[in-house]
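Only one chain is included here, represented as structure tokens and corresponding to the form predicted on its own.
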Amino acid sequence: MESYTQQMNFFGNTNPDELLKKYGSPLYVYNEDILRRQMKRVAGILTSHRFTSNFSIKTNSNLTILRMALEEGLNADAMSPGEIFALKKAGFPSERIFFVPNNVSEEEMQYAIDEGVILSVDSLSQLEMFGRLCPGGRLSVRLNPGVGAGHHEKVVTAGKKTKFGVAAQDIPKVLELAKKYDLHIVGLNQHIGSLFMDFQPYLDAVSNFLHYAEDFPELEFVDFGGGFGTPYHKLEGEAEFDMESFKVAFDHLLTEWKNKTGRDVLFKMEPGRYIVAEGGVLLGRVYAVKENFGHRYVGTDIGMNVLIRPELYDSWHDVEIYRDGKPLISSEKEVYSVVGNICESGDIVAKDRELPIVKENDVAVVLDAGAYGFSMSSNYNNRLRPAEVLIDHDGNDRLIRRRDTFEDLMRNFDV
């Protein structure tokens, strides 16, 4: 019986022990073949319509991975001037970047305008700000259709209790402000949430959103957002998001709308974590195995500063255990909580998991860590952020971001 990472040949010509000895622990490891497979999937969601998938840099900001996305034909979403800057460093031209911020300053908005990047506003006050800065300009408006979706309330990005978007009921005010500043609303965008495995609510939201699109005569594109789910419970047999069935239903819905309205706009979407989550794992060394009042703990160097999703969203990540370069496959198991090295009670990677008997110096492999892993990492407790390594198409490992040093912790101080 093989582990998941063995089945995928995730580590190519090497193994977790060798990688940690070479690059240090903890360590993010990405598999190029899996990343490119996912990028190709989302690039080809629609073939009978004008269409683009956007890579969301907030999921993973590594320049090597951004360059892959560009090579595979994806456009990009940015949420800050820093993300615009990084995307341009990766080679994305301005016309392939969509700035989708919220609550930005005049300086940040002006930065996007000066860079020639089309942007979205998500409030009437931000629309007024854009009008003052760029009268006669072209822009997109993010609408909140009043419905949302997602696995946790903190990732639902539309509905009646979220900060995002202009309420659909305020469309008349949007049109009034656009007229005041001679603005051209050439795009309309939404994002209802992330990590959904059932695509029907998404299609319902698309259908509803297209109804609003008919109120904007100058539209050049419509961006439906995204948020396709990743099977985080894959070791329990959770199925993948049914992309093929989704593509058929999505194409049918858009074809009907185009035939009804006679509108020919560019369709966009942002698949989010779906592109990069499965293409990355996080490795960490086991430094302690202990029992406290009947509860067993596996103590690792995978702190919440390295992977905060379990603490922030109660997120599940499957865990494999490697020893001497090979995965432990055993019928003899114990229940452990895998914890990190941060001085917080919530520093738990995986709670009450049934794992093979774990020993000190084993390697914990946290699956599906390619999205919102390193990009949300920090230096909390003055811990160093880990290196990032790519396993390329030939199975060879390559450093694509170096590990922090102590000097990096002091870099912004006047010392």
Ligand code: LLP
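One rule holds for the numbers: they count along the sequence shown, beginning at 1. All values derive from a computational prediction rather than experimental measurement.
Although it is not shown, the form predicted together with this ligand is what the next lines describe.
Visitor: Where does this ligand sit in the predicted bound form: which of 251 to 259, 132 to 140, 194 to 202, 328 to 336, heavy atoms within 4.5 Å?
Guide: Contact-bearing stretch, as computed: 194 to 202.
Visitor: Kindly confirm or deny that D77, G226 and Y372 each have some heavy atom within 4.5 angstroms of this ligand in the predicted bound form.
Guide: Answer is yes for this spot.
Visitor: Does E270 reach this ligand in the predicted bound form, with heavy atoms at most 4.5 Å apart?
Guide: Taking the distances in the predicted bound form, the answer for E270 is yes, it comes within 4.5 Å of this ligand.
Visitor: Any chance Y313 has a heavy atom within 4.5 Å of this ligand in the predicted bound form?
Guide: Heavy-atom contact with this ligand at 4.5 Å: present for Y313.
Visitor: I'd like to know whether R41 contacts this ligand in the predicted bound form, with contact meaning heavy atoms within 4.5 angstroms.
Guide: Contact with this ligand, no.
Visitor: Is it the case that R353, even though its partner is missing from this view, gets within 4.5 Å of this ligand in the predicted bound form, heavy atoms only?
Guide: No, R353 stays farther than 4.5 Å from this ligand in the predicted bound form.
Visitor: Among R309, R96, R285, R323, which has any heavy atom within 4.5 Å of this ligand in the predicted bound form?
Guide: Filtering the options by heavy-atom distance leaves R309.
Visitor: Which of V298, V100, M304, V319 has a heavy atom within 4.5 Å of this ligand in the predicted bound form?
Guide: Filtering the options by heavy-atom distance leaves V100.
Visitor: Relative to this ligand in the predicted bound form, which residues of 40 to 61 have a heavy atom no more than 4.5 Å away?
Guide: Contacts from 40 to 61: S56, K58, T59.
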